[in-house]
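Below: one protein chain in two forms, given as structure tokens, structure 1 then structure 2.
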Structure 1
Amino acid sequence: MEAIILAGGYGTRLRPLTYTRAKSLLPIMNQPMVSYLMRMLPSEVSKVILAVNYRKDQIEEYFKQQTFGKEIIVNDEPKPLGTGGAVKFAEKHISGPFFVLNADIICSLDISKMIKYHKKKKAAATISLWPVERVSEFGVVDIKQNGNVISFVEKPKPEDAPSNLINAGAYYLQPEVLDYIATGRLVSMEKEIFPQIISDTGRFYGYQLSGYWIDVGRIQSYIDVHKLLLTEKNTDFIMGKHTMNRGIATTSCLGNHVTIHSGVHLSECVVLDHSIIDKNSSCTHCVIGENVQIGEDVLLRNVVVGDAEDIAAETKLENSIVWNQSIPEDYPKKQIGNVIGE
């Protein structure tokens, strides 16, 4: 069985971290985001198609070193085709019912159980569901007691949301779904295809997952996922290899080859590989990119520092993004896919 991982987005809501890397390779607890999905796939999935475009070289490189025991196909779209278009573009690799995963979710979904549920319901499409409060940032379903989804609305206004159950970004689909997707153009699975399948087949089902689920598409949720996984691991702090910590770090994750000097305080921070934080600096609720140098007596709160940036001694910053380098050519100014409020 095949699984498609949708990993072609620009990750605009995670900039500047995504100016320099594919979103799906952003480390979470020092492991690339996509590795969590790879480990979640059951043994019946033998082939994984990575639907990519932006920064595809990095993804190709990563999967040359790691295959997770699966056949890996890096399927490069000539231009972003959207969540539906990317699935259609993978059609040539699909041999039967298949799985689709958004690359930016971290969750405890039991895929085998979801497939069993799909078969029992004789569904055309089954999507995983998760309850949230802020429904407007997601796809929301109207669902019957028996799991039959009767409507799907992408990013509705709160007052228009049919329930608090959202699309958790993992689907099991019959090949007939591919016939609904046009070839070679931008197609949104959520806005165009799901509503059509619901109205045409009536065989669209929702499977509510248990445990935990988090969408890692935003800086806030990127920090939250670390908090969640630290709690899962029953620890308040982790650090990678060859890292030296002479400061105090709480609810934080330090990457590999990081140096934290004495008197430094870190709280709710993620510090990526090869960064240095000098004496007596303090960071709260921050993400510090790779190869960053932070001078002495710096105070940062709610700040994201892009890769290879330097922060001069005694700088004080709040609620900001630090990026002084050029923005990659063709990087969109705003989210292009399933934008809120369109």
Structure 2
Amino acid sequence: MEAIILAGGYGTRLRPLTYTRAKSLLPIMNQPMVSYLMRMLPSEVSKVILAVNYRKDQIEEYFKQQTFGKEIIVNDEPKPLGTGGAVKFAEKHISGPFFVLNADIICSLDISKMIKYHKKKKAAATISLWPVERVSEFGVVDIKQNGNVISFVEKPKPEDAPSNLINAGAYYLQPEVLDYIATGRLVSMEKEIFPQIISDTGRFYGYQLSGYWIDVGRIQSYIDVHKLLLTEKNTDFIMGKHTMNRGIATTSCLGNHVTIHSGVHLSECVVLDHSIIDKNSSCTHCVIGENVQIGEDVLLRNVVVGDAEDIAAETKLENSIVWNQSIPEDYPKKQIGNVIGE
């Protein structure tokens, strides 16, 4: 069985962290984001096709070192093709029913159980579903008691919402679904293809997962996923290899080869590899990129610092992005394609 992992996005809402790395390689708890999906795949999945575009070389290099016991194919898209176009571009590698997974979803989905559910329902397509409180912020499904999805309703008023369940970004599909997708153009699986399958087959089902689910698409959700996984591990703080921490860190994650000097206070922070925070500085709700130097007596609150930036001593910043280098020429000014669940 094959699984397609959609890892071609630029991650514009996570800039400046994605100016220098593929979004799917952004570390979560000191492990690349895509590694969580790879470890979630059951033994039934023997081949993984990575739909990539931006920073393809970084992804290729990572999977030269980490195969996770699967055959890995890095499928380089000539241009961004969206969720549907990326699936169609991988068609030559598909031999039967297959999974499609979004690389930026961290969740507790049991894929083997979802496969069994799909087979029991004799579905053409089965998608994972997740319950939300604020239905008016999402596209929700209109679903029957037997799990049959009959439509998607975009951002309904709470009183008009047919359910509180949203598309959770994992799809198990029969090969016939590929016939619905046009070749060589940007196609949204969610907005274009799924409604056609519902209309034509009536065999479109939803599988509700339990546990946890986060779409790591923004800086806020990037911090939130660390908070969630720290809670799952029943700890308040982790740090990587060869890291020195002489400060106080709560609800935070420190990468490898990080140096935190005395008097430093960190709260709800993610600090990536090889960064240094000097004496008596304070960071609250911040993401600090790789190879960052933060001077003494710095105060940061709700700040994202890009890789290899320097923050001078006694700097005070709030609600800011720090990036003083050039932006990659091919990096878009706005998001390309669609956002899962929104």
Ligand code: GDD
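Treat the numbers as computed from the prediction; the structure is a model and nothing was measured. Rigid core here is just the name for the largest C-alpha set that superposes within 1.5 Å across the two forms. Residues are numbered by position in structure 1's sequence, first residue being 1.
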Any idea which of the pair is the form predicted together with the named molecule?
1
Taking the rigid core as reference, does Ser136 move its C-alpha 2 Å or further between structures 1 and 2?
yes
Relative to the superposed rigid core, does Glu268 relocate between structures 1 and 2 - that is, does its Cα move 2 Å or more?
no
Using a rigid core superposition, assess whether Glu154 undergoes a CA shift of 2 Å or more between structures 1 and 2.
yes
